[in-house]
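To begin, one chain is listed below as structure tokens, in the form predicted on its own.
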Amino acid sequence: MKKYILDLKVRSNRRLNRNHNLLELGCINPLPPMVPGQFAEVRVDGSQTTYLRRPFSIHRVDRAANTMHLLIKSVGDGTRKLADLEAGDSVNIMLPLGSGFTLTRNARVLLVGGGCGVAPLYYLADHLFRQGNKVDILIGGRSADDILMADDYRAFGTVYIATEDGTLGEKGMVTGHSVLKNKELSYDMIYCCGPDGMMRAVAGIAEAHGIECEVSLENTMACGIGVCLCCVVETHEGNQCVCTQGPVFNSKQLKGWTAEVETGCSLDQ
């Protein structure tokens, strides 16, 4: 898929909680084709400490409005700079990068997101819903304040929530939620994004039930085009760059991922 470097304008910047913002970006010309699971590399202007672009999952694309959304978590100087952008500011962005999720039709699917791992799942849920799938979404966080976009996801299916402190939804790890603990787990596909330990646990549960599972890895990606090799992951086909062959992989492709079913994984991992 062809890559583009574009200057987009900030349409809005919505604060979701203490350290997450939803950035809406628009373009004069039609936005290029993008598929769920792909990501963008954003240049951070005006920062004395941020020299490389920062990768963000493509959270949402609104073709009617010709806008796209990025979910920004403030963790350093670069992301804090992006979180402070205002309507009318310009953002230089390279997209679309990487591979996307496998899209099904007329199936029963489960999307599992931990913390800011929900970032690529909105665009995915939108696509799956439009293609006739029955969509369930399971979102996990440490507390109620960490649950992102739950109301938005309800437009596409049933939303389940787990928080480690029990302030919203079921108490405990997302991997211990009753949806995944169900002995009759019977989805056609599970899609997952979040902390590595959480995704491994979900992949183990999926394998135990004979369900295909795709995960979106969050390795450090400096260049986004497979040159710097800092995002390499071991697969059964050899080492592969997450930014080009991924970030989406079938969990069975990944070398060293356990097939054992785990029930506990903190979102700090």
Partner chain sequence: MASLEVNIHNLKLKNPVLTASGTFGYGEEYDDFIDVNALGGIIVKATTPEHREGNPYPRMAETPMGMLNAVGLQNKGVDYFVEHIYPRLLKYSNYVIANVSGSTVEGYVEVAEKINRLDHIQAIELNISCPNVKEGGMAFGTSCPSATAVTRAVREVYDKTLIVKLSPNVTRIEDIALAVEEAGADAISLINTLLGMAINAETRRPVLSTVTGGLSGPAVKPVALRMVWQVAKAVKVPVIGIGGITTAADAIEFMLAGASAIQVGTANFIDPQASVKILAGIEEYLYRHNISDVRELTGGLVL
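Positions refer to the first chain, counted from 1. Bear in mind that the values here come from a model prediction, so they are computed numbers and not experimental data.
Absent from the display: the form predicted in complex with the partner chain. The rest refers to it.
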{"property": "Candidate from 94, 148, 179, 161 lying within 4.5 Å of the partner chain in the predicted complex - any heavy atom", "result": "94"}
{"property": "Residue among 30, 46, 210, 238 with a heavy atom within 4.5 Å of the partner chain in the predicted complex", "result": "238"}
{"property": "Partner-facing stretch of 31-39, 200-208, 218-226, 56-64, counted where any non-hydrogen atom is within 4.5 angstroms of the partner chain in the predicted complex", "result": "218-226"}
{"property": "Contact label in the predicted complex: residue 243 to the partner chain, heavy atom within 4.5 Å", "result": "no"}
{"property": "4.5 Å heavy atom contact, residue 70 to the partner chain in the predicted complex", "result": "no"}
{"property": "The partner chain in the predicted complex reached by all of 16, 154 and 175, non-hydrogen atom within 4.5 Å", "result": "no"}
{"property": "Sequence-ordered residues of 1-21 touching the partner chain in the predicted complex, heavy atom within 4.5 Å", "result": "1, 2, 3, 4, 5"}
